[in-house]
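In structure tokens, the next block holds one chain alone, the form predicted on its own.
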């Protein structure tokens, strides 16, 4: 947990890097769409986690998909991280959130790293790289800089690469971001909750875990060589859900001794045991988007009994930074104390 002044500084630093910002909107993941959904746990989920939403009952849910960039401009076809924030509305009256993105690893280990990142994450004029420069980059085993998108005059790539060059721990996340692309649909991307949580299962067995959403329709990206389209993701999702529901499977990866528990920049080995915890079914895009997504204040530490946070400093910093952001934009408040999050009151 960070103090409120530090949390406010985190939010202010993010806003200062945006070319445009409306203080009534989220500073990042500004453009998004709210979706109605429900979640049904798998038959084995309760064995591994006693949290209420894994009881096997059908759980109502609200989902907000988003583009990571801040500001009011719609650039669906640009290379960008996508977000999937899910609120489970529990039968007891409590709620719990799971926040995930298409980025599998983060680029900062703690608040100090993040502040350094924001100092370098500055927009500067972005120009086309010559073909010879691209060839030289490939010979040096570097990812060639992509050409500017139509209308893209500034970009923060140079500062982000400078940050990654200074810090080995950031290189995996930054390299993944550079080639992440654009999904053909919000329903055809995989989303990862990059932090570790501690879950309690049967007989009070506790395990470190990481969660991810896997699309049943499969992962699909747009053609990176085709001209990007600015606005298609909401329309595509509306059309898809008018024809039939879309589904995600919630996967839970169980950590083992030696795995990074408190560091979101470090991946776990691919051979770790994964458990199918349930299925999320998307049913429709409501007309009232204010209620469906924009006014909901998601928070990664809105937890219920059976799931606890690890000591990951970035995870704890996000709790208060999200609350500062909510206050700034007038988002709907949720009764929120550490005890209520832990106990589901």
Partner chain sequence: MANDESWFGKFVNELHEKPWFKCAGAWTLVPIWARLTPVKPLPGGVRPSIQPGDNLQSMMNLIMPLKTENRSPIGRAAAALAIAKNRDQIFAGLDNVGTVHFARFVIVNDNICMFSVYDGDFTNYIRDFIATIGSAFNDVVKLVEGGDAVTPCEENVEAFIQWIHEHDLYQVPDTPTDFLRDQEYLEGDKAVSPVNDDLTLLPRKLVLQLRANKNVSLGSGYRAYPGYSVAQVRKQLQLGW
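Positions refer to the first chain, counted from 1. Keep in mind that this is a model prediction, so the values were computed, not measured.
Omitted here: the form predicted in complex with its partner chain. The next part is about that form.
Q: Which single stretch, out of 81-89, 234-242, 118-126, 157-165, brings residue heavy atoms within 4.5 Å of its partner chain in the predicted bound form?
A: Careful reading of the contacts points to 157-165.
Q: Among 222, 171, 214, 110, which has any heavy atom within 4.5 Å of its partner chain in the predicted bound form?
A: Flagged contact: 171.
Q: Against its partner chain in the predicted bound form, would residue 71 count as a contact residue? Criterion: heavy atoms within 4.5 Å.
A: Answer no; every heavy atom of residue 71 is more than 4.5 Å from its partner chain in the predicted bound form.
Q: Is residue 190 near its partner chain? Define near as a heavy atom within 4.5 Å, in the predicted bound form.
A: Flag for residue 190 set to no.
Q: Please tell me whether any heavy atom belonging to residue 247 falls inside 4.5 Å of a heavy atom of its partner chain, as the geometry stands in the predicted bound form.
A: No - in the predicted bound form, heavy atoms of residue 247 and its partner chain never come within 4.5 Å of each other.
Q: Verify the contact flag for residue 140: yes if a non-hydrogen atom of it lies within 4.5 Å of a non-hydrogen atom of its partner chain in the predicted bound form, no if not.
A: Yes, contact at 4.5 Å.
Q: Within 268-295, which residues come within 4.5 Å of its partner chain in the predicted bound form, counting heavy atoms only?
A: If the 4.5 Å heavy-atom criterion is applied to its partner chain in the predicted bound form, 268-295 yields 269, 270, 271, 272, 273, 274.
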